[in-house]
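Only one chain is included here, represented as structure tokens and corresponding to the form predicted on its own.
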Amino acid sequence: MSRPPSDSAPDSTGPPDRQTLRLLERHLTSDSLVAETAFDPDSYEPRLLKTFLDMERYPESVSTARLDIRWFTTGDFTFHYVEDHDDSSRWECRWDRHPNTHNARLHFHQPPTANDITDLELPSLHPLEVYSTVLTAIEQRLEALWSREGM
């Protein structure tokens, strides 16, 4: 992994952190919620880690669910969770750490549209801690979906 987040340049995310993306991919492939992972544009120069979630875990009203991850050498990141529903609606949220003009560097784009944004505090900015926070939130979302379905 690259230098710690406290050393981040104030106005740049820096280049993709391929080592961290590969670390996160290894953890995701062992998670029962994950059906498949893929690097974009490829595994030699990954810039984006696409994670397709196991639709057997979701109610039938959800047609697709994925988590897109970007991690940069500055410790900046984006975890973008997206559900597409059969009624053509979309439910999404995003955990971000990057320079911006709308909020603190570390912030959260709230569901269901990811348009409302709040500053965010996390106990740690280590990639595996952020990963754990995001996966826990997705599991909670799954529980809420099934509760809404009456199951």
Partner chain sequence: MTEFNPAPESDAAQRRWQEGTDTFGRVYDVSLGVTSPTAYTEIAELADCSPNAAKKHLERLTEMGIVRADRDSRPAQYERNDGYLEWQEASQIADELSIDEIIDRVAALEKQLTEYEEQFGTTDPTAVSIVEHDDHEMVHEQMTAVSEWQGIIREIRLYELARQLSQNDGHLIPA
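Residue numbers count along the first chain shown, from 1. Quick caveat, the model's predicted, so the values are computed rather than measured.
There is another form of this protein, the form predicted in complex with the partner chain, and it is not shown here; the text below is about that form.
The partner chain in the predicted bound form comes within 4.5 Å of no heavy atom belonging to Asp54. For the chain shown alone, Pro99 is a contact residue for the partner chain in the predicted bound form, at least one non-hydrogen atom being within 4.5 angstroms. For Ser88, no non-hydrogen atom is located within 4.5 Å of the partner chain in the predicted bound form, even though that partner is not displayed. Contact annotation for Trp95: at least one heavy atom lies within 4.5 Å of the partner chain in the predicted bound form.
No residue in the set Thr29, Val62 and Arg66 has a non-hydrogen atom no more than 4.5 Å from the partner chain in the predicted bound form. Scanning 115-139 for heavy atoms within 4.5 Å of the partner chain in the predicted bound form gives Ile117, Leu120, Glu121, Leu122, Ser124, His126, Pro127, Leu128, Glu129, Tyr131, Ser132, Thr133, Leu135, Thr136, Ala137, Glu139 in sequence order.
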